[in-house]
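Shown below, as structure tokens, is a lone chain in the form predicted on its own; questions about how it binds or moves come after it.
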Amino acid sequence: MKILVTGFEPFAGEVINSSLEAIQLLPDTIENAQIVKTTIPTVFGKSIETLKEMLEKEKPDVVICVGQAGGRAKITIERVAINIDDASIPDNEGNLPKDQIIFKDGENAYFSNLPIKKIVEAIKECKIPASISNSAGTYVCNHLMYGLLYFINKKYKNIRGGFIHVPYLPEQVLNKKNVPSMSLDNIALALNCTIKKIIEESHFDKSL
């Protein structure tokens, strides 16, 4: 099994991104599954193009996109991506789309086909808080998740994929008031637990 895990480059004036820092701590192999890690630009359009290139190059069985959700205290497993870009801040190339459709031939929304509830329970069993989220926002995270699920729906029906949001790291909230954070080790452990659960489920679900 090959699992592609993506993290975003820093954005909005930050010098680090917790998603990228965490995926870089993942080993290259987890329970005989090859883990391929890549950086995604925090840019509308370009983020999806980067993912598309990785899908074509690596041909993964599973894709886990990871993004930073400042303000959230838990690891949140996203349920759904919607077909809209509506940015409140510019991306890393200054794009500020408002009410823009991502793919004109796409559905209004696509749901993750990962076992999201089982993933939440697996992370909790690793003693880390987690929950399901029903909104990935309308920024580049939702944009990328939608792109992934669009490609799965249109071309890569055997791929399982979804999106995970992670909190800020402690060093990112030193000058922010009442904003939660989570240690890098715990975020990386949560991702490791997620991958192990997906691998475990693949033994029971032959479509995985």
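Residue numbers here begin at 1 and follow the sequence given. As the structure is a prediction and not an experimental result, all values here were calculated from the model.
Although it is not shown, the form predicted together with ligand PCA is what the next lines describe.
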ask   = Heavy atom to heavy atom, is residue 19 within 4.5 Å of ligand PCA in the model of the complex?
value = yes
key: Heavy atom of residue 67 within 4.5 Å of ligand PCA in the model of the complex   = yes
inquiry  = With a cut-off of 4.5 Å between heavy atoms, is residue 139 one of the residues that contacts ligand PCA in the model of the complex?
reply    = yes
query = ligand PCA isn't shown here, but in the model of the complex, which of 56 to 64, 178 to 186, 23 to 31, 140 to 148 has heavy atoms within 4.5 Å of it?
reply = 140 to 148
ask   = in the model of the complex, which residues of 157 to 182 put a heavy atom within 4.5 Å of ligand PCA?
value = 165
